[in-house]
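Only one chain is included here, represented as structure tokens and corresponding to the form predicted alone.
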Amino acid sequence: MSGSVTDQYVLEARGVTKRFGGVTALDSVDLELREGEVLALVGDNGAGKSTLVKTITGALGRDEGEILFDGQPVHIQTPLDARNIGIETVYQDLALVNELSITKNIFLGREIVKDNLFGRLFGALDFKKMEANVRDLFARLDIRISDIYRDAQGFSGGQRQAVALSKTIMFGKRVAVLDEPTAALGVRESKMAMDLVRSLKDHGLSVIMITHNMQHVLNYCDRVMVMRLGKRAAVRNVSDVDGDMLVGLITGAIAARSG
């Protein structure tokens, strides 16, 4: 999976700490995401994985620490700040509106306005252009969803995940953050979702992916960062680990300094 990975960091978290009352959920955590890589973020439940990505993407505030983008400190206070910088996030709930069509979901908040008087004066939307863009994207990604007018609630979990990931490909500028992209999916749909994760990289995005699936780490990722009890326990090249070692690092059976 090394491919076009470089040594240049596109995104860094330094010394990120997050407390909830008397509980320290993140304890001075560092993270580095290289240009063009898929970085797996693994750990037991409660290790701090989701809290870390939420602090990076503006869904949660930080008590301490800083975020750097292309080596420069950035101020991310809200998810919109992260999006404006170039970070797209797909959470487990996918953030799809069940009552809206696939096209409306993909362009939600980014609708294309008609390039005419009605568009300029009244904000009339160009549904034909949006639908054409969706069909072109689905064709390029081999997503076999033809009925883009149907409400999102009428699609399977794998199809809904495909929509969420394709939205990231359409609008993602630099970084995609994925929280358990195959949660609750069957084997076939999980493979479809992970092939789309690979497509994110092929389309020039760097990816942080929270996952519990060790085979997905070994087959689709370049590096893996292990968290334990709110701290960074280890960082390894995927080529240097196997499933047993990952489990040992996650549980603490194998002690390791982060690297």
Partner chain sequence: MSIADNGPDDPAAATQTSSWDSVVHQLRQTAQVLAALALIYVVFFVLSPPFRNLDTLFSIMTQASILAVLACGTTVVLISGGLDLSVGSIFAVVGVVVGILLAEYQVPVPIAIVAGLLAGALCGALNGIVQVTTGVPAFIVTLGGLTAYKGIAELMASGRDLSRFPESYQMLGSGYVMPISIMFGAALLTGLFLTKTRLGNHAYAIGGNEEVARLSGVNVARSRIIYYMIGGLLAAVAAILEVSKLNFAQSSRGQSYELFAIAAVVIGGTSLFGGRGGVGKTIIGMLIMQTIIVGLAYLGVGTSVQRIAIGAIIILAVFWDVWRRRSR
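Here the structure is a predicted model, which means the values were calculated and not measured. Residue numbers count along the first chain shown, from 1.
Not pictured, yet referred to below: the form predicted in complex with the partner chain.
Of 35, 195, 32, 222, which one comes within 4.5 Å of the partner chain in the predicted bound form, counting heavy atoms only? That would be 195.
Though the partner chain is not shown, can you say which of 233, 68, 214, 59 has a heavy atom within 4.5 Å of it in the predicted bound form? In short, 59.
Using heavy atoms and a 4.5 Å cut-off, decide whether 12, 23 and 64 all contact the partner chain in the predicted bound form. Result no, not one residue of the spot touches the partner chain.
Using heavy atoms and a 4.5 Å limit, would one call residue 180 a contact residue for the partner chain in the predicted bound form? Residue 180 lies outside the contact set for the partner chain.
Quick one: does residue 143 come within 4.5 Å of the partner chain in the predicted bound form, counting heavy atoms only? Within the cut-off, so yes.
Taking the partner chain as it sits in the predicted bound form, is residue 73 in contact with it (heavy atom to heavy atom, 4.5 Å or less)? Residue 73: no contact with the partner chain in the predicted bound form.
May I ask you to state whether residue 104 is within 4.5 Å of the partner chain in the predicted bound form, using heavy atom distances? Contact check for residue 104: yes, within 4.5 Å of the partner chain in the predicted bound form.
Could you list which residues of 211-226 come within 4.5 Å of the partner chain in the predicted bound form, counting heavy atoms only? Not one residue comes within 4.5 Å of the partner.
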